[in-house]
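What follows is a single chain, given as structure tokens, in the form predicted alone.
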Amino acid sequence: MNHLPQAWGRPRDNVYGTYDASYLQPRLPQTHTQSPIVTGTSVLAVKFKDGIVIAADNLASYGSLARFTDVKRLRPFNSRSIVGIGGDVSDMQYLDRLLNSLDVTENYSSTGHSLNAKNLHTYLSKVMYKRRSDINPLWNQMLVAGLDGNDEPFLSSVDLLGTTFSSPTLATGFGAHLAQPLLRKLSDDESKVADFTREKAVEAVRECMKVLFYRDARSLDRYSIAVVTKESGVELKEDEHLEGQSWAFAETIRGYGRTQEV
């Protein structure tokens, strides 16, 4: 036998003749990711009168295993915008490298102009749509938050199909089912944003992160939260911990939550 590592298990060519490797190389079509393995869950964001609050937990799940507990899914882009990414972590890392390259290009630009949140959202939507058109999508949904060209709060979403939409409150993953109803009670229309203060927005997002930790098996009690305003830019805190947790409600639940004793 040939004991060189690159030929383990193969008969020696000088004894049995040249090995025909084509038998182990079937001619199959090229394939791409169909089901992401390591994923991040919800990203939440809400507008208030002077800016945006956005948050995401620090967990990346390996299937159903809470495997990586220090994955930061909020990525600042200059001092005017931030991107929250849910979905496949390897695709998130690709997007992060893409944004870093774009940021370097912008910093060395001689035009004197910088990308705002609306420009960044347009760029990411084109990237996602192009990959979707190549039948090789990036398995992510992103929230882009920050300030537009007029220094007004901007919040919009883009998913793996390149679909985009805007709203005063947005969420990805399980947050779209569990957190959005809570956020919409506070601000369901652009007309209410002018009366929505920073303190109320931060409190609402923190409360929603707590609800997600209670109800979403792929969430964590450590999260990142950022506030984007014209005066302070991007204020990012990456290792926040849920406070005031109470599991008292669990004592009365029977039958996987279908009935509750009173």
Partner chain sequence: MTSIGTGYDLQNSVFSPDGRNFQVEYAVKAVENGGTCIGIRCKDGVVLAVEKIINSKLLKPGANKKIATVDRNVGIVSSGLIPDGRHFVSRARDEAASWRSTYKAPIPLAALAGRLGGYVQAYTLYSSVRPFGVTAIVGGWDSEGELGVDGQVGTGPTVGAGGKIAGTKAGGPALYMIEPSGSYWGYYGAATGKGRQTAKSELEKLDLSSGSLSLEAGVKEAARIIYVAHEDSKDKEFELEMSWISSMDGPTKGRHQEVPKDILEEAERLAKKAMEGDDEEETTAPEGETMEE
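Heads up, when I say rigid core I mean the largest set of C-alphas that superpose within 1.5 Å between the two forms. Positions refer to the first chain, counted from 1. Because the structure is a prediction, the values reported are computed rather than measured.
Separately, the form predicted together with its partner chain exists; it is not shown, and the next lines address it.
- Judged against its partner chain in the predicted bound form with a 4.5 angstroms heavy atom cut-off, the residues Arg75, Asn107 and Ser110 are in contact without exception.
- With the partner omitted from this view, the residue of Ser166, Asn136, Gln93, Thr163 that lies near its partner chain in the predicted bound form is Gln93 [heavy atom within 4.5 Å].
- Shown without its partner, this chain lists Leu178, Val127, Val71, Leu186 as candidates; in the predicted bound form, only Val71 has a non-hydrogen atom within 4.5 angstroms of its partner chain.
- Though the partner is left out of this view, Val89 does reach within 4.5 Å of its partner chain in the predicted bound form, counting heavy atoms only.
- Ser191 falls outside the set of residues with a heavy atom inside 4.5 Å of its partner chain in the predicted bound form.
- The shortest heavy atom separation between Asp103 and its partner chain in the predicted bound form is within 4.5 Å.
- Segments offered: 146 to 154, 127 to 135, 168 to 176, 93 to 101. Contacting its partner chain in the predicted bound form at heavy atom distances within 4.5 Å is 93 to 101.
- Asn150 is not among the residues whose C-alpha shifts by 2 Å or more between the shown form and the other one once the rigid core is aligned; its shift stays under 2 Å.
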